[in-house]
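Coming up is one lone chain in structure tokens, specifically the form predicted on its own.
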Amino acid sequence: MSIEKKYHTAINDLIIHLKNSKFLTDTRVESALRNIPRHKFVPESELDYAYNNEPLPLMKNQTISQPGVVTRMTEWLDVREGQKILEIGTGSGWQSAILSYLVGKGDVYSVERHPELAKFAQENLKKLNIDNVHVVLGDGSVGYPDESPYDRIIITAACTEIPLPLIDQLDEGGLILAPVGDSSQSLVLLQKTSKGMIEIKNQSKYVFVPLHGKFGKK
């Protein structure tokens, strides 16, 4: 079996599993999953596990999130063509690439604090000729005010509370999604309105690596 055929079968199996377990319900997100191959974003040592529904280790004690969590977060974020998105925690760049596919002519700004990971993500994105993801080396807990306001903000690391600078950088009507909690987190989706922040969705029992930085875990 050729290497690409092997991955084609593996991604089909994964998509069937995610649909059956209701972690994948949106056809646009399914299309992104098929067009942004996860095996292009995992370290070489993890290639055999690229399409398992599990997180995989990256350098600096970071992980690439499991596909079910990525599809759930992506669906909740309700990304539209042409939007501007801020992602906190680039990791391998896989989530960034999926968002980039969904925004089309829009832009994704992704903040990563580890230089080695930022470089790894940039190399992965370049391999797929993705040019609308801008990887920024910095403290994700303070966001990236230079390009604010954003239509959507996604935090891919656990925070005890959503950092205020990120809420400030969200446009009115925009959505912000984050895993909130200590040892175990709840996935929380909030919308910014003229009357303040409104909780749209909340689901418990998630585990993410912690968000570090000025407004993150001390």
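We number the residues from 1 along the sequence you see. Just so you know, these numbers come straight off a predicted model, no measurement behind them.
The same protein also exists as the form predicted together with a small molecule; that form is not shown, yet it is the one meant from here on.
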Partner-proximal stretch of 144-152, 107-115, 126-134, 78-86 relative to the small molecule in the predicted bound form, 4.5 angstroms, heavy atom: 107-115
Within 4.5 Å of the small molecule in the predicted bound form, all of Gln95, Asp139 and Ala157 (non-hydrogen atom): yes
The small molecule contact at Val209 in the predicted bound form, heavy atom, 4.5 Å: yes
Residue contact check: Gln185 to the small molecule in the predicted bound form, 4.5 Å heavy atom: no
Proximity of Ile64 to the small molecule in the predicted bound form, heavy atoms at 4.5 Å: yes
